[in-house]
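For reference, the chain that follows is the form predicted on its own, supplied as structure tokens.
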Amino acid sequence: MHAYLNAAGLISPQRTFENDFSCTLNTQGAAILPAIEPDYKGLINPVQLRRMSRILKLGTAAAQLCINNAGGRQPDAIIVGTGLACVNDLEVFLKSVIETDEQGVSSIPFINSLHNTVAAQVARTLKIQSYNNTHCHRGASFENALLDALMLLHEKEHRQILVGGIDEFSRHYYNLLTTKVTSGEGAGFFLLSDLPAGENSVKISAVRTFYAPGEDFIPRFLAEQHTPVHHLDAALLGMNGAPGDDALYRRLIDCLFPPGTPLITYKHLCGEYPTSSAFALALAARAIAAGAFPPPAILRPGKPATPHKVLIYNHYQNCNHTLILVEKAGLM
């Protein structure tokens, strides 16, 4: 199963809503990377905007950016992946329950805290009354949303599918983490189709999720795709700066990826959050279309070839491991 990524809309700690992947923001020493938000008035109806929580603004605006970049093409289905969903609205609701001793609690924060709130809001905004689904599987949420879309396209159920990955920063959740890394947030939406829509389209060739996999899961995945490691033009890794988390990537660098393979990282640009791989996918798609990764993302340069085939590998807290193989459309 495969799909063509024909447009993207990304709001992140970089100015990616302007399609700027130069990634010049200095992130050294930052514990939290908040999303740089666009002027919402040009993307969301002002009447709706007044009633939206911050995560709804992020998600709705990113979806509209994607539709705008696709030339206004409307999707047949909407699928969203989120690890924490509207966690800040949930915290507001729980706090009010405690402070009021369960008396006179407003239901609005609870309604806004539901995991499918973003997908529902995007559907209302775009007036899409068809397949609408939300996947909530921690660090594999976005990849499961992609898999859902790939299956729908393979079964010819739909032709244009809007797929998103979104999570917001939560101070309470951050304080609960035993391993502190640079935390971030973001909203990325992608228009997938069974046909390419232009020369900047990229092909999502395969997506896999693993829970606590064995040592050889990446070679087996690549073998299934008939793609030897030396055929990769780059490996995009989810290194987050934590020694325990990064040790897994370091072992791969030592034993799997040959010295000529360029190594790219991205979490120093967007922070760590459950659906950060949506940022990675947008970065890979942009690099394939532009012919190069931005210098701040390059961990180790390699052969001087433009990236045509990129493997994205990410793990979240060493539980959810995910792989996405992305390549230039039309590449055999």
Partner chain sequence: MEKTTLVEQLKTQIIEALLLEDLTPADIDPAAPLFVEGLGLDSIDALELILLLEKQYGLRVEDPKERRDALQSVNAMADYILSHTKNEG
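Positions refer to the first chain, counted from 1. The term rigid core refers to the most C-alpha atoms you can superpose between the two forms while keeping them within 1.5 Å. Just so you know, these numbers come straight off a predicted model, no measurement behind them.
Not pictured, yet referred to below: the form predicted together with the partner chain.
Asks: Tell me, out of Gly72, Pro243, Pro259, Gly104, which residue has a non-hydrogen atom within 4.5 angstroms of the partner chain in the predicted bound form.
Replies: Result of the distance check: Gly104.
Asks: Pick from Ala223, Ile108, Leu195, Ala247: which residue has any heavy atom within 4.5 angstroms of the partner chain in the predicted bound form?
Replies: Exactly one residue meets the criterion: Ile108.
Asks: For the interface check, one of 45-53, 277-285, 262-270, 30-38 should have non-hydrogen atoms within 4.5 Å of the partner chain in the predicted bound form; which one?
Replies: Looking at the partner contacts, the answer comes out as 45-53.
Asks: Once the core is superposed between this form and the one not shown, does Val105 show a C-alpha displacement of at least 2 Å?
Replies: Yes, shifts by 2 Å or more.
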